[in-house]
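Single chain ahead, by itself, as structure tokens, in the form predicted alone.
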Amino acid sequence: MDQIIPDRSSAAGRGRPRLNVLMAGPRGFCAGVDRAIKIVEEAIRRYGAPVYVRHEIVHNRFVVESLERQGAIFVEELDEVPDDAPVVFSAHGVPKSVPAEASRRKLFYLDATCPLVSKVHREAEQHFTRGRHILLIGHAGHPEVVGTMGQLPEGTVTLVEDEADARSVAVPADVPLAFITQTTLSVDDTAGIVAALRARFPDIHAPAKEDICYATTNRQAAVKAIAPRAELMVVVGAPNSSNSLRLVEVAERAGCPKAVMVQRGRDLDLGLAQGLATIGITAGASAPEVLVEEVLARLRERFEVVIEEVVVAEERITFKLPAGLHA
């Protein structure tokens, strides 16, 4: 349901141009991100600082710096973690070698991998046990892709990044195939890649249920709903966040003349909105709502902002914390 909310700031309307702002809904935090952050916060509360975190818990500097202030220390690899310190694995998932090394060192660890990423890991293992070679649709080097490929022996998973890859990828002869996907991809791009794979390999096994997660799908659908009405789309997110980058792409493809990403309100160039009547705002799944509020505050410096909420789906999904962290 769309809802129009007038600007409540005290100086609203005093000689400032009106700017209609379409707020995408859903936007911002998803259940997996919320769970991962709570795992770090609860670990600090229970075990005391510092708690080490392997890689950024989620791809957002504001979140990372907030956790650092609470007592989290972010590292790239386990060899940076002292033997007596707890460690948390990021929401993107890790190769099996990481918990194996933690166990070898007798480290106390908590796995904050999003349950929907873990579902893809289980799918990969099931395909492997059934003798299938796996094609993973995703972006090279992304932590989720590294973690998923690291669930199985080297050479049993082949990465497919785009339709060109799908049309040319070399696969083992006389071996059944299956495909899985990264959870944060463009829905439309992935559909094209899957179609190309099916055209080449009609018998390829598909996921029983869509691998692209509900949050990614819903946020892209919300952007598609407002992009044709907006002259500018502002995506609150991080440049290393796959789902945030996809929102920029989706906005432009869905008819918005220009889409930009900002990490904080102060990053927004107000000149981009000068002379415009309507803009859209959304946020990637790892961006907290407080950063969206920063963008609105920034816009109110120059404009009389009138907000319209455009909601395409209601999200009520929550994920439990790992055993041992329940309240």
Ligand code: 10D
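Values in this document were obtained by computation on a predicted structure and should not be read as measured data. Numbers follow the displayed sequence, beginning with 1.
Beyond the structure shown, there is the form predicted together with the ligand, which is absent from this document and is the topic of what follows.
Novice: Would V117 count as a contact of the ligand in the model of the complex, using a 4.5 angstroms cut-off between non-hydrogen atoms?
Specialist: Taking the distances in the model of the complex, the answer for V117 is yes, it comes within 4.5 Å of the ligand.
Novice: Quick one: does H142 come within 4.5 Å of the ligand in the model of the complex, counting heavy atoms only?
Specialist: H142: contacts the ligand in the model of the complex.
Novice: Decide whether N243 counts as a contact residue for the ligand in the model of the complex under a heavy atom distance cut-off of 4.5 Å.
Specialist: N243: yes, in contact with the ligand in the model of the complex.
Novice: With the partner left out here, check for me: in the model of the complex, does some heavy atom of S286 sit within 4.5 Å of the ligand?
Specialist: Heavy-atom contact with the ligand at 4.5 Å: present for S286.
Novice: Only one of A91, V236, A230, L247 comes within 4.5 Å of the ligand in the model of the complex by heavy atoms, so just point that one out.
Specialist: By the 4.5 Å heavy-atom cutoff, the listed residue in contact is A91.
Novice: The ligand isn't shown here, but in the model of the complex, which of 180 to 188, 123 to 131, 159 to 167, 81 to 89 has heavy atoms within 4.5 Å of it?
Specialist: Checking each option against the 4.5 Å cut-off leaves 180 to 188.
Novice: Where, within 32 to 69, is there a heavy atom within 4.5 Å of the ligand in the model of the complex? Residue list please.
Specialist: The stretch touches the partner through V33, V58, H59.
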